[in-house]
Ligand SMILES: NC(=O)c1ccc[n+]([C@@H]2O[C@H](COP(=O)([O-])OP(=O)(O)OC[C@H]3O[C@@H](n4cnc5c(N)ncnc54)[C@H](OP(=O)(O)O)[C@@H]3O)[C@@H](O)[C@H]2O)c1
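Listed next as structure tokens is one chain, alone, in the form predicted on its own.
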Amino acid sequence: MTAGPFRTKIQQIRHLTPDIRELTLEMVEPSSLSFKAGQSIAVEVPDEASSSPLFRYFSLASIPRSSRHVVLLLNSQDRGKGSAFLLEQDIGAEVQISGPYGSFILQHEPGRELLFVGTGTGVAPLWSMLATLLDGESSPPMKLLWGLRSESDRYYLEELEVWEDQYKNFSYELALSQPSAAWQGKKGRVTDLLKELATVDHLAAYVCGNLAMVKEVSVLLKEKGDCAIYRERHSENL
């Protein structure tokens, strides 16, 4: 069920990399938002060319139990009106939202391990899913494959290391498409990480990023075997 508009205010803006911003919205009216991990909200963007606002959609990176605050990931290099509007706002500015929206949510897949595949800020709904599962009493084995451009584009590394140390059922791999000569990790695109998987018959995959990547990952997984695939095109440029 969707509803709105709701009043929020910008509580915090974190600079995670030179380009990536983590924006935290505090719910004002109502005081909380009920949503499922993986869902998105619509941000109301004033439109000078029309008397009606525009609506731009952003996946939530926060977990449902933290419903008083919702977290978005933005790329300052995006040319979309939604990102541009939000990045122009100061702490305390009011933002109208509605939602939640979307069916890209965790599914009941007993007996399957979980694979999360993302690029850039497309990790946002995957982050919400992972954090929600790890916050629960029990969860299946899960792995995150994340494609980024270079060392300076990495973020949430401390959180990933804590998760991997604390939870034996979680692991992750990063692939950098344009790393420096000093980079000792995986090189290439996130699809190169997928090619290393021997089988996918035991997996349920959640995929989010640009449309071309989502399609390519889906084809690769289908070619490898019987993998349940759930996907969403990241709306960062809308």
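Don't overthink the numbering: it's just position in the shown sequence, from 1. Keep in mind that this is a model prediction, so the values were computed, not measured.
Beyond the structure shown, there is the form predicted in complex with the ligand, which is absent from this document and is the topic of what follows.
*Asks:* Determine which one of 23-31, 190-198, 166-174, 62-70 lies within 4.5 Å of the ligand in the predicted bound form, judging by heavy atom distances; exactly one does.
*Replies:* Of the options given, it is 190-198.
*Asks:* Of M129, L148, I97, M142, which one comes within 4.5 Å of the ligand in the predicted bound form, counting heavy atoms only?
*Replies:* Looking at the other structure, the residue within range turns out to be L148.
*Asks:* The ligand in the predicted bound form: within 4.5 Å of a heavy atom of each of G120, Q178 and E216?
*Replies:* Checked in the predicted bound form: all three residues contact the ligand.
*Asks:* For a quick check, can you give me the residues of 199-218 that have a heavy atom within 4.5 Å of the ligand in the predicted bound form?
*Replies:* The stretch touches the partner through C208, G209, N210, A212, M213, E216.
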